[in-house]
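Next up is one chain by itself, shown in structure tokens, the form predicted on its own.
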């Protein structure tokens, strides 16, 4: 049996995937409401294929509990935010989970940390914790790191098909963990040491952040001199060795917008390109606000209450709002005391999370004169005709109605 600790965006689908492929699983989370919801037969967030995977896992006997289990293998998939002052990883959730595991685990148990951490986190935070409790690492407890590599909106497919990295103190433990993940993972599984596995995951997301930052900086340069950044990127990408991404309103989610900060925090003075990329991408929500202001002025609009923001999630066709550029924009507006009137709508966000939030597209559009497209949900892509006669700022390059403004 394995005990998956943390049943959020990563832990839940991972636990379900193991169970659906015949592994005995107990999922544990401190959130009583979350566990009760799962025990009632309902998933806790929207994701393509998740409900079907849930039913398969339930039919195979997966259980959900508030209690940690006594077993020989644990998978820790708890949050790892970063400290916004030091930029270093906040490993407190991982530490607490490991502490709780140590209270119930038998001798020889393996703890696999799936949570994304900065290189050296397990050495600095987990090993000392275990040793302070009198456990001998490599005898009483074995450690491994198996960072996730999936994206909201395609989690179930990527869990099965993406390659994985397993970091372990020795080859035997690495192969044991690899065999476990091979129960469902059809991609290549590479076994290495823990520190390399930690660094590899952070580097992957940092690479993507830097590429996005280049596109966003191009957008700012082109806007300053009245050039079409999208046409420039389209032509440049015809070069066989050039692949520039599209600019956008910012970077959200819990991976690309967070992981690069781990390197900035741990390697000050060395992570210079990484720091610049982070600053560029974090500046984009304010850049969009500046565009809104300029477009309102050009169209002689004086009422911010007639501006509508389409999209609250950080990417299309998911309900994940973590680090969303829209939320960053609204926070910035609140700091400048001008965010209370602007209208907001997202078809994937059923609960009220911000002021003036709508739950019907037609009602939202009826009450605004200007629409800012911040997320490219299929809903709006399929209903562009409803934006006729609206002032449109398209930050995702999805609207081609005449007169549409862009970044």
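Values in this document were obtained by computation on a predicted structure and should not be read as measured data. Residue numbers count along the first chain shown, from 1.
The form predicted in complex with a small molecule is left out here; the points below concern that form.
Pick the stretch from 165 to 173, 230 to 238, 97 to 105, 203 to 211 whose residues have a heavy atom within 4.5 Å of the small molecule in the predicted bound form.
Answer to the contact question: 203 to 211.
Is residue 315 part of the interface with the small molecule in the predicted bound form - any heavy atom within 4.5 Å?
Residue 315: contacts the small molecule in the predicted bound form.
Does the small molecule get within 4.5 angstroms of any non-hydrogen atom of residue 89 in the predicted bound form?
The answer is no: residue 89 has no heavy atom within 4.5 Å of the small molecule.
Could you confirm whether residue 245 comes within 4.5 Å of the small molecule in the predicted bound form, counting heavy atoms only?
Yes, residue 245 lies within 4.5 Å of the small molecule in the predicted bound form.
Please tell me whether any heavy atom belonging to residue 252 falls inside 4.5 Å of a heavy atom of the small molecule, as the geometry stands in the predicted bound form.
It does: once the small molecule is placed as it appears in the predicted bound form, residue 252 has a heavy atom within 4.5 Å of it.
Counting any non-hydrogen atom inside 4.5 Å, which residue from 130, 151, 301, 191 sits next to the small molecule in the predicted bound form?
The option sitting close enough to the partner is 151.
Under a 4.5 angstroms heavy atom criterion, identify the one residue in 122, 141, 329, 256 near the small molecule in the predicted bound form.
Of 122, 141, 329, 256, the residue with a heavy atom within 4.5 Å of the small molecule in the predicted bound form is 256.
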